[in-house]
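Given next, in structure tokens, is a single chain: the form predicted on its own.
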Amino acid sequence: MIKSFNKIKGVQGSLKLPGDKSISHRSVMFASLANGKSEIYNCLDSEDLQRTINAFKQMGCKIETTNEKIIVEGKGIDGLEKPNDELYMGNSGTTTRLISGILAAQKFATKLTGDPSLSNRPMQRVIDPLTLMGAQITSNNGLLPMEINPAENFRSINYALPIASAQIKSCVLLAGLFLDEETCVIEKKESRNHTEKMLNLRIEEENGIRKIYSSKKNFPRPAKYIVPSDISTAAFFIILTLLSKNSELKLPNISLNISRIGIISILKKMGADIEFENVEIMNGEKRGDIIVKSSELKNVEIPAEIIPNIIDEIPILSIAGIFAEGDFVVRNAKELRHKESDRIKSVCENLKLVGLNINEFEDGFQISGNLNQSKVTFESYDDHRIAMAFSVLSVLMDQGGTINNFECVAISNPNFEKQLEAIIKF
């Protein structure tokens, strides 16, 4: 559908956001693996999360959703059952890559399929380490569909990540949970660390190199998970508030995991008025309230080492860059081309529609020039983060704007429009 947005006067109020997407996926997976009953509160309700829930239901887990929580009857280390049909992953790359590590350790074969977008995203990056562990995997030239067959000799490995990726890291570490001997993942650039925090994995760090270990002793046990709200979702509303005049917004119970708040550190360097309140640690994860106020921003250099931890926020960060002083430049972000859309191209093509000067690079882009305030229709490219980023731009433009195929926001945040309406002033 095409969704139209009008210019707003400002932002005011408090907004409770849905649970963190990465932590929600892991909570459902770990609860499904544990032997017994777990409860998950504030779990994200989205299409991607339904893929994870449905996959474990197909493998025999009893999962009940109520208004306030999800109750999971986990199957234990040897309890998952062979699904009667293929496991359909929809658009969820997180589900696909993480569950691959779990499936590689099973005594039954499974087939993973996905929608056209996911079927074009690279899976060789998880096939390679799982094959080293002994898994028998066939695929469509490194793409879905992918069949995972029982290993003759499933074994632990030491694996150096070729790229900074929490999904690859987690895939290997989850496979390692089924083995007596420790599996080790080595990363030179730190990526999101939810898996190691939630499973309390052993970590060695020296000279900037991290070694993360997993084995049977880390296998999940029944637990109560309280999922903090998603900072990647919060980023859209944070930047909208910063760019709106005379505005202030409170976002309670947001994940403040150190590997996720790179977006906050960049915005603060740009001059953003952002503060944390009521900070605490629960389930190994830091969380707290974020207070945001209108700010005058200035573009800054974005260090290469922070890119893996802001990769999902770059589309909305680029919107902040349009209104900030100076040129906005992002480099070292080639991974953006392998998301739900080619996000480098998606951002660049949309920004050309409003008259900005765009230099597109293989690993990023540069934005300069003045915004043309004429109303245009932006393409979502069926990518939820592109749709939400350009919705924010639309409400900041004098004539507003429209988004084509806006419904794709349901992949991560079905209630995005209602959340926006709850805080904006006309």
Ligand code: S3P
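None of these values were measured; they are calculated from a predicted model. Note that residue numbering follows the sequence shown and begins at 1.
This next part talks about the form predicted in complex with this ligand, which is not shown.
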Heavy atom within 4.5 Å of this ligand in the model of the complex - residue from N257, S318, Q167, S229:
Q167
Here the chain is shown alone; which of V330, I311, L351, V292 has a heavy atom within 4.5 Å of this ligand in the model of the complex?
I311
State yes or no: in the model of the complex, is some non-hydrogen atom of R51 no more than 4.5 angstroms from a non-hydrogen atom of this ligand?
no
Please run the contact check for R192 against this ligand in the model of the complex: heavy atoms, 4.5 angstroms, yes or no?
yes
For S346, is any heavy atom within 4.5 Å of this ligand in the model of the complex, or not?
no
In the model of the complex, is there a heavy atom of this ligand that lies within 4.5 Å of any heavy atom of T94, even though the partner is absent here?
yes
Okay, which stretch from 22 to 30, 62 to 70, 370 to 378, 396 to 404 lines this ligand in the model of the complex, with non-hydrogen atoms inside 4.5 Å?
22 to 30
